[in-house]
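Two forms, one protein chain; structure tokens for each follow separately as structure 1 and structure 2.
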Structure 1
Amino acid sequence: MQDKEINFDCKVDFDGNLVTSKETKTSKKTPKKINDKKKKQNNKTAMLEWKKDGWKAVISLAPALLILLVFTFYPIVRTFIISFFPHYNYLDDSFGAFGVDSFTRVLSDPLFWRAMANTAIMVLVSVPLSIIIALLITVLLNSIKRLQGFFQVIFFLPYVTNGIAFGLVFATIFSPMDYGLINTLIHFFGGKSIAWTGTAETIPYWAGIFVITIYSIWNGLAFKILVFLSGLQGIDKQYYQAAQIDSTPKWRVFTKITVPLLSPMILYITITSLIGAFKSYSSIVALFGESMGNSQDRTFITAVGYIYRYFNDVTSGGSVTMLSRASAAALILFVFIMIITFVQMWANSKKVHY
């Protein structure tokens, strides 16, 4: 699963679709994750049945395995190898000498560190914020009695809405022009327009980050709420009745009962969101264009954006050796994501209650 997550799904995003691909991916994974627990329990019986059904399993898994091998595992291995051959030429597939030049160059490139800083902001700010907001909204949604279905639909609409429509709405709200919704408001209170989005050189850093944060919170909200809501509705109501009889304050009910009992869902959402944040690219392109900010600074470049920049260089006639650099950057990102995920899993193994 790890490998699959890190696979460069940016290719999918090349069509200019504004949906961050993480959304489509996570949605496919929901049933899988939820079944994980069952799978573990079934492991033993599965082992016993393996001998009998082994061939059947191999045959039925073969098509999927083949596709994974060709499109996922093979590229990962290639990426790994290419990153250690700084003079790899993708036109004639010649490797040249082995070396770690690509890594040293990437690590000494200020643009790479800008990309990492931006990514870090997404990971450290957007993710916790969006999870907390989603949790609070879910608990509120679950506590209202009347019109609950109505509000659920409202919060779930972004999930079923076309990504382009979603992006357009966002572009209208945060348009850098005077007619943008936020700018109109600013004008109303006597302020001056702010370049929120686009490729202008005048986008204030804080404004860009603000828009990215809002965008990613809003974008992932529906799915998170859906997962949390289904988790909440699975919690026995008697825990809450017991808490009420023992005069538990509301906040304590939330922190001592709801959050711990939701912890498997919270872990799942945290991991998928973290990985999604590490991979964020298409949302940046949607907001700030292909150059991810103005074309000199690339103010809002992300880690995946950085990989793409070099990959793009190759395909658009730049130096062919740039592919090795892109691969090195991809490998560094891979290692980062892996470390974070393991730390996360380890930390949660102490706190999550299944």
Structure 2
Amino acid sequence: MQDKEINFDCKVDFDGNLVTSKETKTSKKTPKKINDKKKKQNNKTAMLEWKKDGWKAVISLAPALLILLVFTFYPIVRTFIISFFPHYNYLDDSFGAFGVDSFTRVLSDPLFWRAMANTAIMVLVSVPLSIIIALLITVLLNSIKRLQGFFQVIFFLPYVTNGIAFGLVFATIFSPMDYGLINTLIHFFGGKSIAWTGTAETIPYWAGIFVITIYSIWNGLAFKILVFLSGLQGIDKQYYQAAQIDSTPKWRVFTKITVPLLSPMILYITITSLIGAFKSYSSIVALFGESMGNSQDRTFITAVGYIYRYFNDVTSGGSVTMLSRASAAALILFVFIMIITFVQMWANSKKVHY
């Protein structure tokens, strides 16, 4: 219901009498109705803009959407379907009976849980260390005025280097032979050679995990530094100027200004690093070969390595029904990654400052 207000235009004549003119009525609209009217106007404007330029956006995005549909979404849906048909035969594309036997076999396989344990160690050790080291290097790079571009190129080189080639370099540095760089240093200080990499059965588990951790940290530094550096350079300099006027210690500036204002980038890097660590495969192959350590028990096998193991059995002439088992393992890994991602986003939702 509208509230009405009655206004009178009043005038005074020559005798001093009050004369009222024609009555005018004005209406007052409630704030709710005003907001509804504005929303309708905005919706009409958006529709007009879509009719005008929407087809341009569709044409521009169509090639990318087509590629994603064929090479991303279709394989995901196909993998999901195959995982529920244990006797799927890819040669004649016959599905067989519906069932969850593939999931049961994967979850009851000790090798799968060994792969998940190795992957979890990589996630829990390499991801936090790489983020902390990358953040510290970024702050140091941002404070350097001379040769800043030179050091940025050095730290960015691993990002544009092939993963297998980079892994082979590490395999040479940590070679189990006496001529390996690390073993040469150990000999210099009077120690004995350690079988860091390769397929030998004598590789200590801690030595292999150490090499994997060092490789993962160095290989992931480039992208993290690039993101942190772009975010750090976007922070308003007034915060640092105010801290400088107050003679605030550098460690306090780092913890109270830099880290909170970089929290969106830190969250993004954390999530992408977790996903990348769960997908580790090529680096392990480069360091320990396709058997991923001991050929009998596959000491350093990862979750993705477990999936490829059964996929390779299919392509190398093994049982064609193993593809369902590989698909089930891939789906389980996908669920693990989704759960951890959502938990990470929920846990940091109150700590991220936009």
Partner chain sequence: MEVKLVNLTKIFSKKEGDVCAVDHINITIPNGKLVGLLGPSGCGKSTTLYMIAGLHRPSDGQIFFGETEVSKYPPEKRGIGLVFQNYALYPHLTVKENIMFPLENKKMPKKEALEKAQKYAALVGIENLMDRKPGQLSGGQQQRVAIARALVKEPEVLLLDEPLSNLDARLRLQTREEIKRIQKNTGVTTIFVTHDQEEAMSISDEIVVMNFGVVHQIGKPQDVYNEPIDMFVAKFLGTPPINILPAKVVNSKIKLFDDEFKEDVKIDFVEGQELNIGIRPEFVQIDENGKYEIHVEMVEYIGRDKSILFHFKGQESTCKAIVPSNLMVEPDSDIKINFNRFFLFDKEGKRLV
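Remember, predicted model here, so these are calculated numbers, not experimental data. In this text, the rigid core denotes the largest set of C-alpha atoms whose superposition between the two forms falls within 1.5 Å. FYI, numbering is relative to structure 1, first residue = 1.
Of the two forms shown, structure 2 is the one predicted alone, while structure 1 is not. After superposition on the rigid core, the Cα of P249 moves by 2 Å or more between structure 1 and structure 2. In a rigid-core overlay of the protein, I144 has its C-alpha displaced by at least 2 Å between structure 1 and structure 2.
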